[in-house]
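Just the one chain here, laid out as structure tokens, in the form predicted on its own.
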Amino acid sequence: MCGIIGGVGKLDYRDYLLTGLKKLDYRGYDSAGLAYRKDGKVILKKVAGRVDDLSRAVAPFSGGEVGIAHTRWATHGVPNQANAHPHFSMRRDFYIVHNGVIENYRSLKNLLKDHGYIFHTDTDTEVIADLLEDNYRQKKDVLASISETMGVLRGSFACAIICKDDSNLYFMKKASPLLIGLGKGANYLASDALPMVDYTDKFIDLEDGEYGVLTPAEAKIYIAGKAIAPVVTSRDTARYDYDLDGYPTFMLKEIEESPDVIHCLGDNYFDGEKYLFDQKLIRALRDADEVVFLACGTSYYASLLGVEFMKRLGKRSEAYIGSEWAYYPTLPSKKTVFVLVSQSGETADLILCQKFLLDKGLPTLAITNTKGSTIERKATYSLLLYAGLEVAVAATKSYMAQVVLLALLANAVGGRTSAVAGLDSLIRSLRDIVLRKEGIHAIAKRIFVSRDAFYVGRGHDFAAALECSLKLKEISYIHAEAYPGGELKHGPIALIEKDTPVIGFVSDPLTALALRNNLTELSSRGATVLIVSSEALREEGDSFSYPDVPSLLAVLPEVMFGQYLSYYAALEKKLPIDKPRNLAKSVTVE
């Protein structure tokens, strides 16, 4: 979700690093920085802002031996200059840029504190830098220190590293993309080929567990202490418009980023002991007579779960479609908190709602993925999703982030930690689905020629059905509807024809039997019934199941199934998946 660039050798470092960062600036990152070594000294510059801000802050210079740069979308720590990359170790032996999430950084940080280390940022990246330094002071060898450090890190990382004692460019990689570009008199390193395509068309794709060193003349790569011979590939540099990290589409990439996004959310809003929400916000929600959600599209369907979370606290709550409420507003009481949910923070219908509320002097909470957006700036309170830029028009990981954030927020209001406790099992469940996505592809091959399809569920499973039916419409252009199981016999069952696909969600023991009976009625009328169930409620003949997660969070594995099904149906139809017809990413008109 961030951009890494590095180079070593004969380069115009200012132009190479800043131009490379600018090519990734479409992502909308919140900070940027660079470091380069010249005449034996490492010069560091970073800003809270865009690459243009960094460019203005970096004075013209020439020469240099090695350089690294980074654009950041905040995960650990607020987006400010201190938390921007590159980071350095306590004694400034190492400078590092990092993509990924270090899951055990807190325990490592405590260990380093016992070794006398003092920390200056809230990031997990600073922990990596200090670990490298701690190991280097014992081993006196950079590569051995990198290998030792990799052995204790849990999570994902792609790192470009400068050691103050030499002019080489070091790197290490696990579960986050990193690529070497081979040049003449210089070599390059980046999280995507895009910043390097003006310099070379020869690349090495690094694999998990690999680390090494670049000099102006060569690339040395190791795994578990053994040197390996890399595979060099040529690429058509004309096609690099975006950073796809090797994925064929942004939608697929973003579906599969969801587990990491959820992990980052937990890290940003819970420190292991307490929630990190603004206490004024928590008090406002506790004191409110009612919590009203305003949203559109996918964000509205996420808000339906927010309503359920609040109701489970005994709090009155409703959700309204923003474009409707803007014209037919209701004000339950002066002690109502309005929650505006928008991925972009620029949704015109919600801006209209917000203007009405501002005029009335009523408090609003903005939940958005875009810091500095209109809704975020004007809200009384704001919470960021930390999902990174979502390029595909269809929302995937941002929906996941919205639901998880609403669950965490409701838990904080209620003084509970059940949502936090459920995140690990949720992440495991989603990762299991990623590994078995070809099973969903096989289902998509059965239904992609259909004219109509239906999703059916009860309770929170119906909320999942609503979002999944929207995805199928958006991406595959299949007419899809969602219904509560008990409503089928009150009219919609008349739409069932032979071979009509019906996807049923079963995750709630309270309604599982009733929902299966509803689906049997549809099957007897010729429908192709496909049941998606939690492992605990799985029965023979179910089409797909997923590892169990706590109640309500079960919506998210079901929705990931629906995202994949929509994706693969569109793939079979050879449709423009990332940019479906008639749709835009940010709806800025009414």
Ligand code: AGP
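Residue indices: 1-based, along the sequence shown. Source: prediction; values computed, not measured.
Omitted from view is the form predicted in complex with this ligand, to which the following refers.
Novice: Can you confirm whether 305, 458 and 511, the three residues that make up this candidate site, all sit within 4.5 Å of this ligand in the predicted complex, judged by heavy atoms?
Specialist: Checking in the predicted complex: none of 305, 458 and 511 is within 4.5 Å of this ligand.
Novice: Just to confirm, with a 4.5 Å cut-off on non-hydrogen atoms, which of 363, 297, 230, 183 contacts this ligand in the predicted complex?
Specialist: So the residue touching this ligand in the predicted complex, by this definition, is 297.
Novice: Though this ligand is not shown, can you say which of 90, 281, 470, 223 has a heavy atom within 4.5 Å of it in the predicted complex?
Specialist: That would be 470.
Novice: Could you tell me which stretch in 391-399, 120-128, 159-167, 199-207 has residues with non-hydrogen atoms within 4.5 Å of this ligand in the predicted complex?
Specialist: It is the stretch 391-399.
Novice: Since only the chain is shown here, I'm wondering whether residue 267 would be in contact with this ligand in the predicted complex (any heavy atom pair within 4.5 Å).
Specialist: Flag for residue 267 set to no.
Novice: Indicate whether residue 507 is a 4.5 Å heavy atom neighbour of this ligand in the predicted complex.
Specialist: Residue-level check for residue 507: no, no contact with this ligand.
Novice: Any of the heavy atoms of residue 342 lying within 4.5 Å of this ligand in the predicted complex?
Specialist: Looking in the predicted complex, residue contacts with this ligand include residue 342, since a heavy atom lies within 4.5 Å.
Novice: Although this ligand is absent from this view, report whether residue 347 comes within 4.5 Å of it in the predicted complex, heavy atoms only.
Specialist: So residue 347 counts as contacting this ligand.
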